[in-house]
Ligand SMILES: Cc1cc2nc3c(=O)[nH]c(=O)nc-3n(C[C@H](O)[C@H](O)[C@H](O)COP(=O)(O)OP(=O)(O)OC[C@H]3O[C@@H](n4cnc5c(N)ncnc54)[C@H](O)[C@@H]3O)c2cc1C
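Only one chain is given next, in structure tokens, and it is the form predicted alone.
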């Protein structure tokens, strides 16, 4: 068994859990414990690649009812056992790692659609339903979730809610916090909280937002009600090439100032432009590509495409037609299923996802790029989520080091200088990938002394025994990278 920070009688607890859940839904097998010792955090994958086994859970359980979860939480409080909720484990920041041992609560068997209300355009689901599973359910009935993260085939709605995720069509459909209307949550005391699934309420603070983005540290989400939309009548793609990043950014701002919301807006820097346009065109040195997708009624698609074409041409854009954008949409999962990165020994890679308003966005991009490339790695970037007042940046870095130890040192250096540059430029240090362990040390900097103290006070009040996902969000004693065993 892995060493837990708080000793408990694993065999006795296992027997009790088997009574409640059935033997088939409780495991202490080494193969399961190893499998559940990772998510999709590249640093953890780099370590696994050289057979460095880090902290593992002591037990994994697969509950099927809310009542079972409540019993598990009660037992965990009595025994002071850490609980780590998981619903897909597709995160990239170590948010579901059992750094103190304990019990992983895998919600994959709670994956049903509970209610579909076509009158109100809402759907209520359990947290273990995969993004693609819900999308196929809705599309078969003429609707869509509009939520398309790159991990849609391997991540679930519990994780979407817990990390405040975003999908590639968020300009039209919004982020996860925009579409969640109600939650059911098992609190760390085992009490059940249900927020009303209503369009809006002015009855004090909206409690559901206490748990959206809490990464399982404040409660275990067991039910989610979401807004959905009818499938669009028409879809059209467009691509433009701008002389430089500044002119491309100007076009994006004008799109929003014309009160238009294309489903897809992706602006690439010159490095990633060469990557995405390789099969279509050899772009000039500083040129930046913009991919667009319109998805609405036929009339609105015609209006959006005509107006945005004029905006892009006025800002110096060259019309490339639908090809690059359509090709990206149809092949957008190729890097993920299976991964075509094919990183060999000595390679390091990851993505920094940050956001800022337009006053700081381009400045932040250049500051991060300069700081990261000064470490000796290469970058390419795109801006894939925009708002009327700003947007996000995906800074992708790829590098090489001579030894496995140097890979980790370089990886941590890149994150340190990249996030510091983003912070100094006035940006937020995570747009959609959450905090987990990777960004936990930055939480006091992000929120400031008063804000972080308030988060710690909320955690202490809700979870006095610190059993729920300890160490995540920078809360609790364990807020650094996982220990090596």
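Numbering follows the first chain given and starts at 1. The structure displayed is predicted, hence computed values, not measured ones.
Below, we turn to the form predicted in complex with the ligand, even though it does not appear here.
Trainee: Given the stretches 363-371, 396-404, 213-221, 239-247, which is the single one in contact with the ligand in the predicted bound form, using a heavy atom cutoff of 4.5 Å?
Mentor: Heavy-atom contact with the partner occurs in 213-221.
Trainee: Using a 4.5 angstroms cut-off on non-hydrogen atoms, would residue 68 count as touching the ligand in the predicted bound form?
Mentor: Output for residue 68 is no: heavy atoms all beyond 4.5 Å of the ligand.
Trainee: Any chance residue 89 has a heavy atom within 4.5 Å of the ligand in the predicted bound form?
Mentor: Residue 89: yes, in contact with the ligand in the predicted bound form.
Trainee: Heavy atoms within 4.5 Å of the ligand in the predicted bound form: does residue 433 have any?
Mentor: Residue 433: contacts the ligand in the predicted bound form.
Trainee: Does any heavy atom of residue 120 come within 4.5 Å of a heavy atom of the ligand in the predicted bound form?
Mentor: Answer no; every heavy atom of residue 120 is more than 4.5 Å from the ligand in the predicted bound form.
Trainee: Exactly one residue in 288, 104, 99, 162 has a non-hydrogen atom within 4.5 Å of the ligand in the predicted bound form; which is it?
Mentor: Partner contact (heavy atom, 4.5 Å) among the options: 162.
Trainee: Looking at 262, 149, 317, 146, which is the one with a non-hydrogen atom within 4.5 Å of the ligand in the predicted bound form?
Mentor: The residue in contact is 149.
Trainee: Under the 4.5 Å heavy atom criterion, name the residues of 122-140 that approach the ligand in the predicted bound form, in sequence order.
Mentor: The stretch 122-140, when checked against the ligand in the predicted bound form, contributes only 127 at the 4.5 Å heavy-atom cut-off.
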